[in-house]
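Take a look at this single chain, the form predicted alone, given in C-alpha cells.
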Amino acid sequence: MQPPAVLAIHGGAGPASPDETDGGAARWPGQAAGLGAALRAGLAVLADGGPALEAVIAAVMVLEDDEHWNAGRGSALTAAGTVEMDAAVADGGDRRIGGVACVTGVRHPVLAARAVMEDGRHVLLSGAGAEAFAREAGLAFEAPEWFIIERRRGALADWLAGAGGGTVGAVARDRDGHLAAATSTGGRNGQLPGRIGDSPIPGAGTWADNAGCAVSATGIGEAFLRAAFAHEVDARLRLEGVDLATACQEALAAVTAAGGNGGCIAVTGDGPPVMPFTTELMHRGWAEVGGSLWVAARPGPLERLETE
C-alpha cells in the first residue's frame, strides 16, 4: 500500500524574542494562520493527485507573499538597506534542481528557481542575469518598496536577532511516492550585498532524491554550507542506513560543529516528515492529505489547526 501524500513546511529557525513587546508571541496567531494557509495550498495540489514539486511551490508562494516570514515580501534587509532574495526547487524524480540568488523585484523567487530548472541549461542563476531570465519567463515583478516592511527597517536599525520569521521551505511526497523540496529566503539581517546562503545551493539548503529524501533547511546559512547539510542527510540515509530522524540530527551536529544552528524539514518515501532544530524556535507545520493540520514554533507538541 502506497504511503499517504504528505507535506511539511517551515518558516525559519532562530532565537526566541526577549520579551512579548517586540512582537514575538504576539505574532504567533498570524504566523499560525500563515502556516495553515501554506499547508492548505500545497495539500490542495496533492489532494488532486498533483506532483510533489507543484505542492511545495504552491506552499512556498503563499509564504513568500506573507510578510511574517523572511522571504519575498518581508525579506531581511542587507547592510545597504536593500532586499536580495535566494530560492531553490528540487525534484526527487531525477534529482533536477534549479535556483536563483541575489534577485530583486521578483515577487516569487521560487517560481524563478523552477523556471531555471525547467529551462535546463543551468542550475543556478544570480543577480541581474537571474532577474532578466525571470522577466523573459513572464514572472511577476514588484517595486522595491513592496518587499520592505517597517519591521525589517527597525530590525536593521537595531540589529534585533529573532525579531521576525525566517527562511521558508516545504517538502512533500505525492501519491506516487515522488519527493520534492523548495526553499526561499531573504537572507540574513544586515548581510553584505551579494552574500549567498545555503538555500539556493544544491545539497546545502535544498535537496530531493526519490531514493533518499527531500530536505529544506533553515538557520545560519554559512554553517549549513560548510556542512553540505542537505546532502549529508541523504548520504547518511543511503550509506549508514540510519533512519531519517537520526540522519537529520547527525547532520545538524555537523552544523553545530561548524559554528551555526538551525533546523530542517525532511521526508522520505514512507512515514511522516521529521522537523528537528537546535534553536529555541522553528516555525513549522505538516499534514497528510485528508488529515489534520499541525503547526508549532516552540519545542514540544504541535497545535492542531481547525479545518476550513
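One rule holds for the numbers: they count along the sequence shown, beginning at 1. Since the model is a prediction, treat every value here as computed from it, not as a measurement.
Separately, the form predicted in complex with a further copy of the same chain exists; it is not shown, and the next lines address it.
- Residue contact with a further copy of the same chain in the predicted bound form: Asp243 places no heavy atom within 4.5 Å of it.
- Contact check for Ala80: every heavy atom lies farther than 4.5 Å from a further copy of the same chain in the predicted bound form.
- Not displayed here, a further copy of the same chain is approached by Leu239 to within 4.5 Å at the level of heavy atoms in the predicted bound form.
- a further copy of the same chain in the predicted bound form is not approached by Asn210, whose heavy atoms all lie more than 4.5 angstroms from it.
- The candidate stretches are 168-176, 68-76, 211-219, 89-97, and the one lying within 4.5 Å of a further copy of the same chain in the predicted bound form by heavy atoms is 89-97.
- In the predicted bound form, Ile201, Pro202, Trp207 are the residues of 197-219 with at least one heavy atom within 4.5 Å of a further copy of the same chain, listed from first to last.
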